[in-house]
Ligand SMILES: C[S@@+](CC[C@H](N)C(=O)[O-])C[C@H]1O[C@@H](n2cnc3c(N)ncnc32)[C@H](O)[C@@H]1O
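Shown below, as structure tokens, is a lone chain in the form predicted alone; questions about how it binds or moves come after it.
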């Protein structure tokens, strides 16, 4: 949005160098209002992430201040759904960080293969690319039929995309490369059908997947599982919320269960640092149990 007498966006004029405290206060009030009105608590999300997404929404909606944004959110539920999409973390891809999946095959799968039944919680599953990545890996290792995957997210829209398993064909070249580097035993194209610029993954991959609405910030233990898979989500939380969520994961894991985080995440300097042993330092794979 442009002012009448200046080519600079109104946002930049209102939130100059001298108004940083006002901006922070407005954000604090906005998040309190969202929590009270809709039950979603973003107050312990990374401040940098929140500011980027809020400024993006201000500019996209031609709003001058966060107070204007708050008013629109409270009075227009459809607009709130748009804002929820802004704050939802949906940056994902299939077999992201191939070395992680390779280590998963080599160090974790052999242990899981000794169990009669396997339960995995994939938290913050977003649009489902990681769900199908994990399902393919488990299928190739012969474990998918005896595995139940709980794929959860607080965003119902992305959960619906995950359930459908339909993605852009143009992304498959990258995903195929990731799959091959991760130790894939076939061709990724064996697991989907292509049509009209999109691909649909085989429904059999999701046969043992339960897609469910779950909010890591406000909800409790989802299930007792052998592995928690939550990659590149904690980086969007502040330290207080990171500790809270990590404790939630620990409470959800069986003894000797595995915790898989993103490459930029860690349990170092958290409350759980001494409650897990390191399986792979680089790829952030941990095992529940006191460090020996």
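Numbering follows the first chain given and starts at 1. Because the structure is predicted, anything quoted here is derived from the model rather than measured.
Separately, the form predicted together with this ligand exists; it is not shown, and the next lines address it.
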Legend entry - Candidate stretches 203-211, 136-144, 122-130, 72-80 - the one whose heavy atoms come within 4.5 Å of this ligand in the predicted bound form: 122-130
Inset, instruction - Determine whether any heavy atom of residue 185 comes within 4.5 Å of a heavy atom of this ligand in the predicted bound form, and answer yes or no. - result: no
Inset, instruction - Using a 4.5 Å heavy atom cut-off, state whether residue 221 contacts this ligand in the predicted bound form. - result: no
Inset, instruction - Find out whether any non-hydrogen atom of residue 63 is located within 4.5 angstroms of this ligand in the predicted bound form, and reply yes or no. - result: no
Inset, instruction - Considering only heavy atoms, tell me if residue 102 and this ligand come within 4.5 Å of each other in the predicted bound form. - result: no
Inset, instruction - Scan 90, 198, 113, 161 and let me know which has any heavy atom within 4.5 Å of this ligand in the predicted bound form. - result: 90
Inset, instruction - Work out which of 225, 31, 233, 58 lies within 4.5 Å of this ligand in the predicted bound form, going by heavy atoms. - result: 233
Legend entry - Within 4.5 Å of this ligand in the predicted bound form: residues from 188-216 (heavy atom criterion): 214, 215, 216
